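Below you'll find only one chain, the form predicted on its own, shown as structure tokens.
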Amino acid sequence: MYAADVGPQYEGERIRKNEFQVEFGGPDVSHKGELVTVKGLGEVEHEKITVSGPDLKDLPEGFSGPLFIKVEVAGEELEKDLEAVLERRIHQYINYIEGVFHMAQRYDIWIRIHKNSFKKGLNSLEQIGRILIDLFTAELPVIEKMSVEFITDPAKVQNLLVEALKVYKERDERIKGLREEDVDEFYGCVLCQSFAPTHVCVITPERVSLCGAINWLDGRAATKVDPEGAQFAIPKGNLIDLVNISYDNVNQVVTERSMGETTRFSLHSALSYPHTACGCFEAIVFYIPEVDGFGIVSRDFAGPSVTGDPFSTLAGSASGGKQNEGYLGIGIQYLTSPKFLIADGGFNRVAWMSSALKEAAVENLPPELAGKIATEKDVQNVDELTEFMQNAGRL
């Protein structure tokens, strides 16, 4: 039926640099993304699949370029709140395809098609669209109509990304003002256990998913439409650690879902029982002992961080579902949370940030710290960072 085998057994499959026929997105491609939009039943042409721009068979071996995946869905019971949840399913379902790798989300996607799968006949993005429609409608009956468009034309991708960024921002704004103390339950997500079998993501009103795609409201919507899915409710239980923000029932669920690998989460600390990660996080918090503070680097940052390690190296210490004190994968929206690293001193402990991240968080920085957190424009190594901190009166 399909040009490639399809099933959950292929989740977690990695495709190395010398193995891919075609690559879309990733750290070296500036424009990429995916967006799901809920429409009216009369606005979606069911099973319409379009490729705008060069298709897989038109691209040379080893090609790396832009891609935007535009999905429109409709159904009597579909709500706008489900858009982000459905968007995250793109990651899951593309990884069901043998010889296809999908990483990250929103504007950070990274897709590779294996040479072997291409040779076997997986030579069109339309084939991936057919699989996506079949999986979405089979597993989520609330979707009555669905269309998929793959855009590879660079100019069109760039224009679509501009509009998508506005949508992402609107979604993120909905959660502002809601606090962990205001709710009785959080939400968990194990969508990425195919890559990190012991990782559990805990989503609260003040802690977005590590991938940045699912906030507390999205988690609530997901559990209503798919109670047996990757997202699930976690009654938070009792607050047993006021400093590090740890709840007894959250810890119990984490213990069960991680198969005993992790028994305790501090929801807002990078140093004490930090939250684990898979590999889809948008940014990494890392401890810098020389200044007793933190650095924060985003996935799209090119070159070495202030410690000399690039994002990819730091990711090895923050990912894999392992609890590694001093390393914490985060969603970028977490930088706007009132509880951002509150157990460790919050922004008062941040010494260095990649400049794009600092710009994203500038409204949440204490005014007195705005000029006292270094970026790659200020310092190039830890020695220079130490001097910067001393001059700023922070050491």
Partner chain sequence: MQKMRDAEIKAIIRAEDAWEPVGPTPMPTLTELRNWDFRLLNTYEPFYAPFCDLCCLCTYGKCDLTGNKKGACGIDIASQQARWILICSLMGTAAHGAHGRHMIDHLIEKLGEDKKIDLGSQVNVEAPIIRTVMGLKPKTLGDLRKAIEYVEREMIHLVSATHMGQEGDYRDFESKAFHAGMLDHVALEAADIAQIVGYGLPTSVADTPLVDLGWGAIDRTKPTIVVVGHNAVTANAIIDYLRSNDLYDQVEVGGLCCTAHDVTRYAGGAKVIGPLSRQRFFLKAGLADVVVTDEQCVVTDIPQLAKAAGAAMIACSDKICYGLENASARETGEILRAVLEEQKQFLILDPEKAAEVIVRAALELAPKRRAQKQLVTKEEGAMLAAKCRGTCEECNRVCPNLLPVSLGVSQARHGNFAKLGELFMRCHGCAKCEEACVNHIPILRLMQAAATWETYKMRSGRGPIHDVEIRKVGSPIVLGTIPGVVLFAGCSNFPGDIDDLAWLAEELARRKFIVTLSGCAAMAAAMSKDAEGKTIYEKYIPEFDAGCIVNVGSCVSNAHVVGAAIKIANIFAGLPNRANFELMSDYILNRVGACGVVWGPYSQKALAIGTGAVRWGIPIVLGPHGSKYRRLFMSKKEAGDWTVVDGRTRQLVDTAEPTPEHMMLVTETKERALVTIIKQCFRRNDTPPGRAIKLNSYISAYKQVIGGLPDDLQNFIRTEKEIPIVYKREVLAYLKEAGWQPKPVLSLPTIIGTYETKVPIEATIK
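Numbering follows the first chain given and starts at 1. Please read all numbers here as calculations on a predicted model, not as lab measurements.
The discussion below concerns the form predicted together with its partner chain, not included here.
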message = Check for me: heavy atom within 4.5 Å of its partner chain in the predicted complex, for each of 6, 195 and 279, yes or no.
response = yes
task = Sort through 74, 135, 167, 233 and report the residue having a heavy atom within 4.5 Å of its partner chain in the predicted complex.
result = 135
Among the candidates 118, 101, 93, 286, the residue which, in the predicted complex, approaches its partner chain to within 4.5 Å (heavy atoms) = 93
query = With the partner removed from view, which of 169-177, 212-220, 263-271, 314-322 is the stretch that lies within 4.5 Å of its partner chain in the predicted complex, judged by heavy atom distances?
reply = 314-322
query = So in the predicted complex, does any heavy atom of residue 243 sit within 4.5 Å of its partner chain?
reply = no
request  = Indicate whether its partner chain has at least one heavy atom within 4.5 Å of a heavy atom of residue 157 in the predicted complex.
outcome  = no
request  = Would you check, heavy atoms only and a 4.5 Å threshold, whether residue 23 touches its partner chain in the predicted complex?
outcome  = no
task = Please check if residue 16 has a heavy atom lying within 4.5 Å of any heavy atom of its partner chain in the predicted complex.
result = yes
remark   = Of the residues spanning 45-77, the ones with some heavy atom within 4.5 Å of its partner chain in the predicted complex are none
query = Do residue 311 and residue 94 move together or apart in the predicted complex, judged by C-alpha distance changing 3 Å or more?
reply = farther
task = Once you account for a change of 3 Å or more, let me know if residue 139 and residue 217 sit closer or farther in the predicted complex, using their C-alpha atoms.
result = closer
